[in-house]
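There is one chain below, alone, in structure tokens, taken in the form predicted on its own.
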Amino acid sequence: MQSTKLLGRPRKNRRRRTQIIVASILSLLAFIGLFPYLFMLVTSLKTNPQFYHSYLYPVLPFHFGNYVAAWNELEPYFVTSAVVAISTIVGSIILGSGAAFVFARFDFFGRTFLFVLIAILLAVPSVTTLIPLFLFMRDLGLLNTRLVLILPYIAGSTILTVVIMRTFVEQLPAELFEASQLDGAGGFRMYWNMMLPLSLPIIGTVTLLSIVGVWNDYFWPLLTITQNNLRTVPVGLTYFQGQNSTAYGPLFAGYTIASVPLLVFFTLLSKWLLTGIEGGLPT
């Protein structure tokens, strides 16, 4: 018995050392991943002399007034980004979920061919369509309007929504829809009362992916918007950088404010992210 206990101690010690090593590696990776955000928070509370004096470390006193200055500058851009993001999410979910339901639950001529065409659009680089899309929006007279941002974003997000949600809806039990048809439910009722409630995880996933892409986009708003009050947050942040000097505190405070909506959405929708991706992507 004593020898067995002596043999068991090295195993426990090795297991403990392994756990310590794994925890240390994971902690290091977490710190590396969070370091840019921590650097942004620290810098947002500095003045320019403090920033030049201590590049990495916090310096007292903290200047919370940088956030006031940043918000006063970003407020109109924040409104535009919020309107564009919400409109894109609502429009892409309505169009994408409806199309995905039709592709998944209705059999019609050319269904597979049309879906393949839509899926191919995911492989088309956005840069290749930039000039034609710009000329198209110019001919429609939509430059310097919020529609020039909303419509292309809805189109791009709808493609992703259709591809992901169609696969997810196909995996739902067909018996549920057949039973609903026997009870007299039509296509819209099956879509609204059955498909949408069951698709909340994938809707959360699509919403998160869409808002990240829309909120962080820089080049398209820069290209199509010249009116100051219609610019989005990523474009507006560039105006903190002057020709001769840059106010680093307000600039990084603006970055922090701009990241808050994404953090909130990720916190609220993260529980659905992996579930939606695993259930919605083709196998």
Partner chain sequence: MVKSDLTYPDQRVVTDQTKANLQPRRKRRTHRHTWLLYVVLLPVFGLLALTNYYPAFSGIYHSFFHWQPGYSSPFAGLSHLKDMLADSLWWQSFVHIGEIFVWGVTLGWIFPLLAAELIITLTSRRLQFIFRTLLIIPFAFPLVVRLLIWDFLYDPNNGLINKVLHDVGLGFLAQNWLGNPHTALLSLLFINFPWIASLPFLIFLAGLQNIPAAIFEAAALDGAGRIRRFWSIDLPILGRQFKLLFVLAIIEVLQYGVASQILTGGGPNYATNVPVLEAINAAFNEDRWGYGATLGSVLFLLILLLSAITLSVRRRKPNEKDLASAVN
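Numbering follows the first chain given and starts at 1. It should be emphasised that the depicted structure is a prediction, and the values quoted were computed from it without experimental measurement. Rigid core here is just the name for the largest C-alpha set that superposes within 1.5 Å across the two forms.
The same protein also exists as the form predicted in complex with the partner chain; that form is not shown, yet it is the one meant from here on.
Enquirer: Identify, from the list L172, L196, V102, A82, the residue with a heavy atom within 4.5 Å of the partner chain in the predicted complex.
Expert: By the 4.5 Å heavy-atom cutoff, the listed residue in contact is V102.
Enquirer: Given the stretches 198-206, 116-124, 164-172, 82-90, which is the single one in contact with the partner chain in the predicted complex, using a heavy atom cutoff of 4.5 Å?
Expert: Partner-contacting stretch among the options: 116-124.
Enquirer: Would you confirm whether the three residues V68, I225 and L268 all fall within 4.5 Å of the partner chain in the predicted complex, going by non-hydrogen atoms?
Expert: Contact check failed for every one of V68, I225 and L268.
Enquirer: At the 4.5 Å heavy atom threshold, is S210 in contact with the partner chain in the predicted complex?
Expert: Flag for S210 set to no.
Enquirer: Classify N216 as contacting or not contacting the partner chain in the predicted complex by the rule of any non-hydrogen atom within 4.5 angstroms, answering yes or no.
Expert: Judged by the heavy-atom cut-off of 4.5 Å, N216 is in contact with the partner chain in the predicted complex.
Enquirer: Heavy atoms within 4.5 Å of the partner chain in the predicted complex: does T145 have any?
Expert: Taking the distances in the predicted complex, the answer for T145 is no, it never comes within 4.5 Å of the partner chain.
Enquirer: Please run the contact check for P49 against the partner chain in the predicted complex: heavy atoms, 4.5 angstroms, yes or no?
Expert: P49: no contact with the partner chain in the predicted complex.
Enquirer: Would you mind checking 20-44 for residues with a heavy atom within 4.5 Å of the partner chain in the predicted complex?
Expert: Those in contact are V22, A23, I25, L26, S27, L29, A30, I32, G33, L34, F35, P36, Y37, F39, M40.
Enquirer: Once you overlay the rigid core, does the Cα of L230 travel 2 Å or further between this form and the one not shown?
Expert: No.
Enquirer: On a rigid core superposition, would W220 pass a 2 Å threshold for CA movement between this form and the one not shown?
Expert: Stays below the 2 Å threshold, so no.
Enquirer: Can a Cα shift of no less than 2 Å be assigned to V264 between this form and the one not shown, given superposition on the rigid core?
Expert: After core superposition, the displacement of the V264 C-alpha between this form and the one not shown stays below 2 Å, so no.
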